[in-house]
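Okay, so here's just one chain, in structure tokens, the form predicted on its own.
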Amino acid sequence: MNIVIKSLVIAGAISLMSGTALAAENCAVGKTVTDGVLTIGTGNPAYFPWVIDDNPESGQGFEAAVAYALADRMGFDADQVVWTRTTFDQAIQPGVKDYDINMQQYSITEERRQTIDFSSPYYTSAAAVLVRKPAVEAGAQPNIASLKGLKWGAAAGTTANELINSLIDPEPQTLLYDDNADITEALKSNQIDAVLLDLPSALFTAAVLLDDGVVLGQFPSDATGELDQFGAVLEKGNPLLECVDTALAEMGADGTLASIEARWLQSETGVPVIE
């Protein structure tokens, strides 16, 4: 390549990158509830593994870590991030918000879009295997060969039964129940050994609804198709949305989101990926 042309190409690339960075740093100017501050809503309380010890200011936990990484991409230092608390339902009611974005594992749905705006997804839920400790003590392991021998349950009318058949193809026939509440009771009464839930539901059920629940493993999201996708909630028509989406796109492209997910939803929860 001609040296002059090559120099112009390099200079143009540097200029483009600088311009992109400058745009990212200044995209939120004049668009936040409080100028110069990014106000982020979370739950009251906020739970593990999304926020550790109900302390989002620490940046510990999946959503807390995503929030600070997102703020940084938008030009806010950590000390320019302010947290506020809302209930789950309160945050998605129509009307003026006292936050810029709210992150509480909100699944993106068209019904909710009627009253609020969603960012692009920052997490696509994985399908996770939920068992009880007796199954683990009997030898259940997070691999397909082990999972094939378990007795599975699924909620009729959901995609769980189809996923169980396609991902695991268990030897015993899968038993069908009316809903997830019935599945939980079936686990408790030893009618079944395992169920397939989205990871957030599996973590909640293991920690809250079962005395001895264990999330044995999780399938990568690209193996199960798109389950629930979580997006940040913004006030309807908020001009900050474009800025948030640009930052999230960058975080997805450079591996930032994947790295945060690997730490907080795999390593810290102890839920391995099923190969």
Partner chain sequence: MSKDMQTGTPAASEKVAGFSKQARQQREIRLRRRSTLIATVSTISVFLAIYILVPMAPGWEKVQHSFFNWEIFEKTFPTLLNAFLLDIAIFAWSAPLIAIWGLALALARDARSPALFPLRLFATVYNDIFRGVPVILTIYLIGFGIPGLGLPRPWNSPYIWGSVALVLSYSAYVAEVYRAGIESIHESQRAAAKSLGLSHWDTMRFIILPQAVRRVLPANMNNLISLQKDVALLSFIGPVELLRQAGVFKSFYANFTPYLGAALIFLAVTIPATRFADSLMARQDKERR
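Superpose the two forms; the largest set of C-alphas matching within 1.5 Å is the rigid core. Numbering follows the first chain given and starts at 1. Computed from a prediction, not measured in an experiment: that's the story for all the values here.
Quick note: we don't show the form predicted in complex with the partner chain, though the next part is all about it.
With the partner omitted here, the stretch from 199 to 207, 179 to 187, 76 to 84, 139 to 147 that lies within 4.5 Å of the partner chain by heavy atoms in the model of the complex is 179 to 187.
The partner is absent here; in the model of the complex, the one residue of T124, Q105, S120, T174 having a heavy atom within 4.5 Å of the partner chain is T174. When contacts are judged by a 4.5 Å heavy atom cut-off, E162 counts as touching the partner chain in the model of the complex.
Looking at P94, you'd find a heavy atom of it within 4.5 angstroms of the partner chain in the model of the complex.
The closest heavy atom approach of E235 to the partner chain in the model of the complex falls within 4.5 Å.
Contact check for S166: no non-hydrogen atom falls within 4.5 Å of the partner chain in the model of the complex. Interface residues of 27 to 64, taken as those with a heavy atom within 4.5 Å of the partner chain in the model of the complex (partner not displayed), are absent.
Relative to the superposed core, V131 shifts its CA atom by 2 Å or more between the shown form and the other one.
Annotation for A71: C-alpha shift under 2 angstroms between the shown form and the other one, rigid core superposed. Relative to this form, N180 and P45 approach one another in the model of the complex, with their C-alpha atoms ending up at least 3 Å closer.
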